[in-house]
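A single chain comes next, written as structure tokens; it is the form predicted on its own.
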């Protein structure tokens, strides 16, 4: 006690008392993950080898569903459309979210107000927002009836066109989720030490040079995080397609999640739907791991000054 008093009331803690929390702290989260993520995935993987309508007892069919999946042209088209949607989502959303996030990281009062308004789509559910956009894109009484001719759709039937429907899905998802990624980039940009910009300004670097030499390198891990969320979200995207296009016209917007829904909950072929779901989980997990691996994000090295 005397030593503690001499040191200003501070008691030194040895290395044995400092470290990560024990395993018991992770137990609730681990159990939740096992019961609500791992167990359902294992069950779906098992159902992929059966024939089941959701009511009776599943009957074992071996590789029948997988052979059908391999030869099904609709599945091939759905996989291709999902990959195209994922790539275009990243290409379209990332630059906009990055620039808006860096801009919103400013300290001006008007930026705070505009940012709050811009983030409003995050407050609505995907289904409600899709219903709003479906009304706006209705060729009979929606806004598209007036502006459709200027966009190349004389009758205003944007959702009746293959390219128009796919573009509408891409636009609506971007409108809804760019604010989320903007918020991620805003947080990352505000974490960059101000001293780096001050030093660059002293050396004569302008705004553009500072962006490419300081902001982008410092946001490397943020870009990877946003990209993983964006890619997985695009691969598993479903509700807007269901409300906006129902996979149409024809099958031109039938992506893998909607194909899974159509087989499982419209055709009641849950065995084949489980095979499609298994492929989706494997592809999404593989892409996420590749992003983390190839970008060096797994090392979790800080890019902040002095760390």
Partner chain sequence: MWVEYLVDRYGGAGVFQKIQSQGMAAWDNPAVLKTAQTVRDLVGRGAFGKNYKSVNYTADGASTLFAKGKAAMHLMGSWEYANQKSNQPAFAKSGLGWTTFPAVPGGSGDPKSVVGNPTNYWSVNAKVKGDKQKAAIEFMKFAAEQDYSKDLIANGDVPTTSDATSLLGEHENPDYARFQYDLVKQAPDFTLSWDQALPAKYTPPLHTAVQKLFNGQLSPAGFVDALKGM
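Please read all numbers here as calculations on a predicted model, not as lab measurements. Numbering follows the first chain given and starts at 1.
Quick note: we don't show the form predicted in complex with the partner chain, though the next part is all about it.
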Contact of residue 159 with the partner chain in the model of the complex (heavy atom, 4.5 Å): yes
Partner contact for residue 72 in the model of the complex: the partner chain, 4.5 angstroms, heavy atom: no
In the model of the complex, residue 266 touching the partner chain (heavy atom, 4.5 Å): yes
Residue 54 within 4.5 Å of the partner chain in the model of the complex, heavy atoms: no
Among 59-67, 27-35, 266-274, 234-242, the region lying within 4.5 Å of the partner chain in the model of the complex by heavy atom distance: 266-274
Proximity to the partner chain in the model of the complex, single hit among 149, 193, 106, 139 (heavy atom within 4.5 Å): 139
Any residue of 250-286 that, in the model of the complex, places a heavy atom within 4.5 Å of the partner chain: 250, 251, 252, 262, 266, 267, 268
